[in-house]
Ligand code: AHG
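In structure tokens, the next block holds one chain alone, the form predicted on its own.
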Amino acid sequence: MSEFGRTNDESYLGLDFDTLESYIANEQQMHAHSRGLFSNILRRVGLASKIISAKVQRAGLLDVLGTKGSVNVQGEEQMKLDDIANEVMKRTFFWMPSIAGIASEEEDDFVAFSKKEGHTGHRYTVVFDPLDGSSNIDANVSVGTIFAVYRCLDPSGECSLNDFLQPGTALVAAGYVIYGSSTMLVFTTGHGVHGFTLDPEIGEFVLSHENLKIPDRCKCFSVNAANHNKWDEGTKRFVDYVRQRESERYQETTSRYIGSLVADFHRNMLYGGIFLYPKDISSGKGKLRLLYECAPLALLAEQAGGAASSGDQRVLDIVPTELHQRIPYIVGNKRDVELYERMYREQ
């Protein structure tokens, strides 16, 4: 029998784990002047993700599969679950005094929250893609939620457009939740990347992947090869170089493209690899959104030892000019991203 009457076989009792709550509490104690405002944001993300996970798991039973018959600000057909996930995220943050406003991929404009009476601490803004990959939901493919947190620029805590148009270097936290065979919450606050898996038996997120690092290999190569004719010469050269497997590094590389960014990114984070959604040469633009998808995952990639680029610029250095700005996006293993950049610039 060990101290406090606990047996040495903690796994038998189910006690050998850190929950999201205990992890946040321990981290908060390490910062003497912490008031818990930021910790509460992470707690609320955990709550929102549990609700969305429950809706996703029961989608076929609740008649929430399929489209709404409307389009979002991106001009994309909205799925029913898009709208549900968006409302869950909005309502989750609305009641928090520390949140000044939110911006969502599903909203035309940012939403400012009035300052709660008596609140004098720092205020934050949250940006999110409430249900990434939702077009795949009817096929039971993994989808996810992406989020990121900025600190308000105005000391008074009043929310404005400028609070959202900050570069990724100003992010104080970012993460994603993947809804698959299990539900996982992965986030960073600038001190490494940590993953928590939802245990349905106890209803809590449990630390399952501490200090995640992208392996230094390119096991997975994620790109929509059907768009080959739409790419610039530098991108074609890079893709062909990897696929031809002339380099020893790519001898064991396999093509793996799901079409849900969170799912592709999560797999490559665990196995090692690179994801590409380059610009379309006819439009000169990318498809993925800087604020809601690219910058948050770029912060995670860099914290895990990887990199993220638009081809000619580090993603975290890009200063947004609009809420729904799209960019070309290459993210994953640092060595492979740097090789892409060289080939892109040499074209």
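Not measured: the values here are computed from a predicted model. Residue numbers run from 1 along the displayed sequence.
This next part talks about the form predicted together with the ligand, which is not shown.
The stretch from 130-138, 235-243, 179-187, 83-91 that comes within 4.5 Å of the ligand in the model of the complex, counting heavy atoms only, is 130-138. Taking Ile99, Leu261, Cys218, Leu198 one by one, only a single residue has any non-hydrogen atom within 4.5 Å of the ligand in the model of the complex, and it is Leu261.
Among the residues Tyr271, Tyr257, Phe113, Trp231, the one placing a heavy atom within 4.5 Å of the ligand in the model of the complex is Tyr257. Proximity of Asn224 to the ligand in the model of the complex falls within the 4.5 Å heavy atom cutoff. In the model of the complex, at least one heavy atom of Phe275 sits within 4.5 Å of a heavy atom of the ligand. Taking the partner from elsewhere, Leu316 is found to have every heavy atom lying beyond 4.5 Å of the ligand in the model of the complex. Taking non-hydrogen atoms only, Ile51 never approaches the ligand to within 4.5 angstroms in the model of the complex. In the model of the complex, the residues of 279-298 lying within 4.5 Å of the ligand by at least one heavy atom are, in order, Lys287, Leu288.
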